[in-house]
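Just the one chain here, laid out as structure tokens, in the form predicted on its own.
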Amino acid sequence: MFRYIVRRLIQAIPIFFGITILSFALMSASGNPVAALTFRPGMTPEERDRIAARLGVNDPWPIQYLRWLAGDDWMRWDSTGDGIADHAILVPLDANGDGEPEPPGDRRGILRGDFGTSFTKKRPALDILVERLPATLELSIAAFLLGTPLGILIGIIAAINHGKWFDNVSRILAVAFTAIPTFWFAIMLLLIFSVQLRLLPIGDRCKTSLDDSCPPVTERLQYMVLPVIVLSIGSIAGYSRVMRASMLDVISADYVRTARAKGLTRRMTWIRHAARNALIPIATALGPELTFLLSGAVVTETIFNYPGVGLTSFAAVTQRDYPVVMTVTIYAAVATIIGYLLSDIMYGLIDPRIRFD
């Protein structure tokens, strides 16, 4: 298995670089952020050009991509031999309008952990992501631990009671919750439990404090109840339908009937033999599910004003904060690669017929 994991990680390298090229090209094609960041009607074109040069967005996108990927120190050289590096022509010139070149700063590139500085917050983009990541992990882990086991359990019980009331009710609810839009369901929960009944907070992660810090999770569970329900209800509905269909297919197989004929109890046959093989389709869906949860639920976090990665990415897109947007994009790409790798590993753990060697 170790060799398989290493081989998959090596195969993920060109995929990663392909994602970076495509994402950066799309971001560059969305337009120059200077117009969105400056609101002075009387600003002259020269001032606008100086701001664009200072942000490094006035070069062709391939040059911007190389600077963003590998930094800008490779664009400089020591032409005099005195240890002072001159700036290459790729570096923006005359950013101050005084006829002298302006160094773009010590940009090291994302390959060395430098994702740039946020246009709006004036802070390293990676620091913003790391600061908001714990909030997203709280919701994603709680929703995963609630939605996945509960959906699988409902699917198994529905298949065992095929055609009975539990099966019919679970199928109707699964279809209904799958069809309901996430934003509408979240707003309805807010109106019922926060506005009318006043049982739960209307949003945010905790009570606002002077230092913007939150107490431990155990002391603010009431703030997580509604967002976790919204995130997990889709998983419960989806996994229950997939598990029910897979379980019905497995319990009608020959080896299950043989196990029953040999004297195994019905519970032993369903749980030990049928359920394990029925979990194989679930492993296929876990990869995208983990990616969705770890990347931040944009709609849920925005409605509940939960300061996670999803809310941060939404704000960055609306403000054209390119460094933060690209940081979240790279984080989501890495989460996607890891999620699908975990799905493949789970295949081998669930199905003994699969070998990695």
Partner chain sequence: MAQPRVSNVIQLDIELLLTQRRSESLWARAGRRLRKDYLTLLALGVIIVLTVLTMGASVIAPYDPEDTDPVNRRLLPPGTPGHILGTDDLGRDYLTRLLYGGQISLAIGYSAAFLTLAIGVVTGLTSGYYGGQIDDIMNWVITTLDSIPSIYLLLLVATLLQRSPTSFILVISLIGWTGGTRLIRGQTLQLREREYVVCAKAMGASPWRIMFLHILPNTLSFLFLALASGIGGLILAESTLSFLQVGIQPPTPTWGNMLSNADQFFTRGPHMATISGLLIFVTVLCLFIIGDGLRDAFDPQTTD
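A quick note: this is a predicted structure, and the numbers were derived from the prediction, not measured. Positions refer to the first chain, counted from 1.
The same protein has a further form, the form predicted together with its partner chain, not shown here; the description that follows concerns it.
- Among the candidate residues Leu199, Leu221, Val169, Val175, which is the single one with a non-hydrogen atom no more than 4.5 Å from its partner chain in the model of the complex? None of the other options qualify; the answer is Val175.
- Task: Tell me, out of Ile141, Ala285, Val217, Ile187, which residue has a non-hydrogen atom within 4.5 angstroms of its partner chain in the model of the complex.
- Result: Selected option: Ile187.
- With the partner left out of view, is Tyr322 within 4.5 angstroms of its partner chain in the model of the complex by any non-hydrogen atom? Because a heavy atom of Tyr322 falls inside 4.5 Å of its partner chain in the model of the complex, the answer is yes.
- Query: So in the model of the complex, does any heavy atom of Thr329 sit within 4.5 Å of its partner chain?
  - Reply: So Thr329 counts as contacting its partner chain.
- Query: Does Asn58 reach its partner chain in the model of the complex if we count a contact as any heavy atom within 4.5 Å?
  - Reply: No, Asn58 is distant from the partner.
- Query: If you check in the model of the complex, is Leu342 within 4.5 Å of its partner chain, heavy atoms only?
  - Reply: No, Leu342 stays farther than 4.5 Å from its partner chain in the model of the complex.
- Item | Output flag, Leu22, Ala179 and Ile337 jointly within 4.5 Å of its partner chain in the model of the complex, heavy atom basis | Verified in the model of the complex; spot residues all in contact, yes.
- Task: Tell me, please, which stretch of 119 to 127, 260 to 268, 190 to 198, 151 to 159 lies within 4.5 angstroms of its partner chain in the model of the complex when heavy atoms are compared?
- Result: Single hit among the candidates: 190 to 198.
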